[in-house]
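Encoded as structure tokens, the following chain is the form predicted alone, with no partner shown.
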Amino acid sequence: MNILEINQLYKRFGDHEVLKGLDMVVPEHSIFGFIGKNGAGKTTTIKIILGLLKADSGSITVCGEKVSYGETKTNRYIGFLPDIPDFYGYMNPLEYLNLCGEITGLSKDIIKAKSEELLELVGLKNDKKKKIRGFSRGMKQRLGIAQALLNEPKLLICDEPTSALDPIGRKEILDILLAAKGKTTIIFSTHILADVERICDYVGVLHDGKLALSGTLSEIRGIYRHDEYMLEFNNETDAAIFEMLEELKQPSIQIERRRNTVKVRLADPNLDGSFLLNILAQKHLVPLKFNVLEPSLESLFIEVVK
């Protein structure tokens, strides 16, 4: 089942067309990495999903129900964490979640139980009675996630939740999102590609108003994979011998050596890793490592947004 479906979404601001027929599908119980350069239209898309911004044309459904501008019926399925969540500093986390629960219409017993459960999930159990004004940026982000999960949403949307955090704070937020995956479906909007590689099942790269890439990381890597291999030898002599072999002196073979490691790229579709392994066996060369190189998300991102 798809929690979110976007079909042919268009949005223009004056002469600037931000979205140009965006199609996007987010499967249930996945973490969907929604990535793109700053200004690509990620936040615009999120605002349209939330019914806060009117699209020029196109349609969006959340849990099978159509999203309408200004009518937030579908928002009962959604939890939202903005990039800079705002709180009442004089409250503590328990008081704040109690207020949010009352606004949502939850009973006092449910609010109390859910608040305790969520504050433990986000690592604020020991800070539940401290004033929010004294919280760090990372603590506020964690409280924001607890608030967004309070009404047990089917879809949690996080807009740049790790962008202003240090490495420890980023790791904490990513761990929380991974833990929340069993409870909900998550859209993780970000430009930090390493975070996407760490926790996301699916990836969508927004570029020029559309998804330039979409699918699982393994599917995307499979499409853009080049036959590249990294061989590490015991010493520089063996690496140099391998580099100079006559069998490798072909226009379709690119070789790059750095000390005792050799990177080989095979552009001929008839050649693959077994070709290199056969040569190694014939020449009685035994590498310490023989790795098939996977394209990184960063290299894929750069390739599609050039």
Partner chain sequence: MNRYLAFFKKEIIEYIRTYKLLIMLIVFAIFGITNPLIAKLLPEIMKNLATDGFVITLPDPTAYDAWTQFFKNATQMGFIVTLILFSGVLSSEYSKGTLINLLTKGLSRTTVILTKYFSMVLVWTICIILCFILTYGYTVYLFPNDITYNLLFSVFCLWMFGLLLLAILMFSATLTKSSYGCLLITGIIVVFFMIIDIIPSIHKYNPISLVTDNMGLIMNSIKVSSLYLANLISVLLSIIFIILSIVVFRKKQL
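C-alpha atoms forming the largest set that superposes within 1.5 Å between two forms make up the rigid core. Bear in mind the structure is a predicted one, so any value in this text is a computation, not a measurement. Numbering follows the first chain given and starts at 1.
There is also a form predicted together with the partner chain; it is not shown, and the following applies to it.
Put simply, residue 51 is close to the partner chain in the model of the complex: some heavy atom of it is within 4.5 Å. In the model of the complex, no heavy atom of residue 224 sits within 4.5 Å of the partner chain.
Contact check for residue 147: a heavy atom falls within 4.5 Å of the partner chain in the model of the complex.
Taking the partner from the other structure, the partner chain in the model of the complex has no heavy atom within 4.5 Å of any heavy atom of residue 158. Judged against the partner chain in the model of the complex with a 4.5 angstroms heavy atom cut-off, the residues 91, 96 and 131 are in contact without exception.
Of the residues given (184, 190, 115, 75), 75 alone sits with a heavy atom within 4.5 Å of the partner chain in the model of the complex. Note on contacts: among 110, 178, 194, 100, the single residue with a heavy atom within 4.5 Å of the partner chain in the model of the complex is 100. Listed stretches are 165 to 173, 100 to 108, 120 to 128, 232 to 240; the contact stretch with the partner chain in the model of the complex is 100 to 108, by a heavy atom cutoff of 4.5 Å. Relative to the superposed core, residue 89 undergoes a Cα shift of 2 Å or more between the shown form and the other one.
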